[in-house]
Every structure is written in structure tokens, then in C-alpha cells.
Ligand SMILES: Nc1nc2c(ncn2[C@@H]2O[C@H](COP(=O)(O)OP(=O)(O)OP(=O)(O)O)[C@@H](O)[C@H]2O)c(=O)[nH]1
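This document starts with one chain, in the form predicted on its own, laid out as C-alpha cells.
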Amino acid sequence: MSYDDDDYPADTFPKDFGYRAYNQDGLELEPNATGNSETKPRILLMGMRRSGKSSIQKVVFHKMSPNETLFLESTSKIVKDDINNSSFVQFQIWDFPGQIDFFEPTFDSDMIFGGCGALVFVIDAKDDYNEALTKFKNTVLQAYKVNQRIKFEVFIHKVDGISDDSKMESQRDIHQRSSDDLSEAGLNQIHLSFHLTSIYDHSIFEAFSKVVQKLIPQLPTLENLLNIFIPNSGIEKAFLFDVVSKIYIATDSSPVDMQTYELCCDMIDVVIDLSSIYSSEETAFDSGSSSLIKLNNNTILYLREVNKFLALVCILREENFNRQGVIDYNFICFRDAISEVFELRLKRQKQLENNGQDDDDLLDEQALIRHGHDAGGISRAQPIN
């Protein structure tokens, strides 16, 4: 059984929501300018019925309030969403109904799993997950036979209202049992990633950020650019955000603190809300968008626009912001380097379309870092004592 678009139409975004194809300058592209949507990596959302798959999709990519998801009907067909809001965030999300049996002879596993970049399996932490673990094992076995490059992600979902000890115990139990099941099947080489998630806090955005990052071939380049920018600007932490979904597509190599991430997300909400009040444009976030917020602990949040849908949010001490000009100059150098990565991405896409080459055989954005081309203008900002 093949699931075609005609049989299962996509539950598409509203036209005014902003998820369309744009180039590095934020200009909208023609519908076919970014290639066939079927060539994009797919993220499959799977799990048991009522595990929260559709709620996750609606909250993260449709800005639906978590309370509104209580009225969502159970998914009865495959729902496809085409995410195409920047050159780095391009993929499809397929939301699968929980009752699908992957071992039915009519199920087209090659078509479903062949173009899959990541498989997200959602497990309800508040429910008995024995049956869910069995289905997860069968799903992984079936998917791995078709495509050994799939990234397997487990969302231990609905952990809101559960004590920290219970969360960790559930994660340890699910991790251990899943690993044991795969070991018994002789698939020790499969790596599973586990995330504790809830739609009522920022954990679901942080988890989806980690999933999306694994589908971005330019991720090492972006991280290196940030690692160059951070110490030379007196900044403690920085995130490169997709402002529409609030998932971060890259950050520097220092550990991510959830409280810091939540502050950055809240800052983006403030900027978007205020911009919408004073802007008549369809998308309030534009080339002039920036924001500065001073916290009561002598910490500064500083947001700068990278392109129409990407923003850099920095966290730094107030005394290190005295040389804002140096930071702004370094940011311009960083933004120019990002533009070059965009250009290489577009060349990569054209080569894929024209030559059918494998993604690993094409242009290497790491050359920007190796040759120091992108960091040549960055100046070091010394902390002010």
C-alpha cells in the first residue's frame, strides 16, 4: 500500500504563516526553485494512538497553544507537512496514525523509510508503555532494513506533572529495554537518542532542535562559525534560531542550559509580538529587527537578524557590552559567512538535481573554516574590568 499525496493530502500551513521558500536574502523563491519536495529529508512521527504526535507537530510548527491540542481528533491518516522556511530548515514531517501495522503485506516500507532522515517515536510516559516498546522495536527493525542512515529519536512525552525522579526512572527503563531488544535482534550498532518532552514547556522545542540539527549537513560549519564569533566578542552563549518555530539550528560548543534557552525563546516571542503591533508587513521580522534586553542579574540578551527567518540571540555580561561596536562588526562578518554557506547550499542542491550525486560527494562548507575566509574580519573584544 503506497501513501500518495492524493490519498493523504497534506495538512498545510496557512498561507500567511510564513513557511515558504526563501533565498539567503529573504526573497521568496518560485515554487520549484528549491527542487522537488520529495527529495527533502523526511521526519516521521510515529507512536501509539493518543501518544501526543499531532499535538507536538501543531505546537512546534503551527504555533498552536498547548491547551488547544486537547481538542485535536485522533489522526486517522498520514498527514504531511512541508517545512521550507529557510535554506537550513528544509524537510517534511509525516504524522502517522498509531494503528498502522508496518508488517502488513500491502505496506510500502521502501517508500516510507527510503527517504527518511529521522524517525521520531513518541512514547506516553504517563501510560503503560509495554505495547509501545514492542511497536518501537518492530518499527526500528523494519526501518533499518530499508535505510541504515535513519536517525532514531525517542520522545518520552507528557512528562509535565511528573517528578524529576520519575522522569529519570522512566528514561532509564525505556532506554535499557529498547537497547536490550535491539541487542537481542543483533542490531547493537543502532544509536538511539532519548528526550524528555512536554508541550507545556520548552522541552519539546529543545528536543526537536536536536532532531533537526542532525538533518543539516552544514551544522559543523555553523558551529565553527559560532565558536569563532563567541570568544572574539566577549559573549558567553549564542543560538542561531529559526524564529518561526523557535527551534535553534545551531549553537556554540558550550553546554546548553535549559533556562537560558527558555529566555531566548521568550525574547523571540517579545520581538515578534511587538514587531507585529507596529508593522503592516506580512512577516514582522525583517532586516532591521534587533533587540536588547537587560536582566536584573547584569546579563544582557542581544538579538540580531541574520535573514528573514533566522536570528542570532546572544547572552553576555553587561560589562562586556560596553564595546557594542566590536560585537556588531563581528556579527556582520558572521552574517556574511552565513550568506556564503547559503550560496554553497544552493550550489549543492543544483548539483544534486542535475547530476544525481550523493550529498557527501559535493561541496564542503568546512573549507570556509579551514581557510579562515569567514573569520578574517572578526576582532577580539576584551572584557572591561
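Remember, predicted model here, so these are calculated numbers, not experimental data. The first residue of the shown sequence is 1; numbering continues from there.
There is also a form predicted together with this ligand; it is not shown, and the following applies to it.
This chain appears without its partner; in the predicted bound form, the one residue of P220, G98, G115, P231 with a heavy atom within 4.5 Å of this ligand is G98.
Distance criterion of 4.5 Å from any heavy atom to this ligand in the predicted bound form singles out S55 from the list N330, N320, Q349, S55.
The three marked residues, K40, H62 and I93, fail to reach this ligand in the predicted bound form, with no heavy atom of any inside 4.5 Å.
Within 4.5 Å of some heavy atom of this ligand in the predicted bound form lies at least one heavy atom of I199. In the predicted bound form, this ligand sits within 4.5 Å of a heavy atom of K158.
With a 4.5 Å cutoff on heavy atoms, L344 does not count as touching this ligand in the predicted bound form; it lies far away.
In the predicted bound form, at least one heavy atom of M48 sits within 4.5 Å of this ligand. Look at 73 to 81, 251 to 259, 269 to 277, 169 to 177: in the predicted bound form, residues with non-hydrogen atoms within 4.5 angstroms of this ligand sit in 73 to 81. Residues in 241 to 266 all lack a heavy atom within 4.5 Å of this ligand in the predicted bound form.
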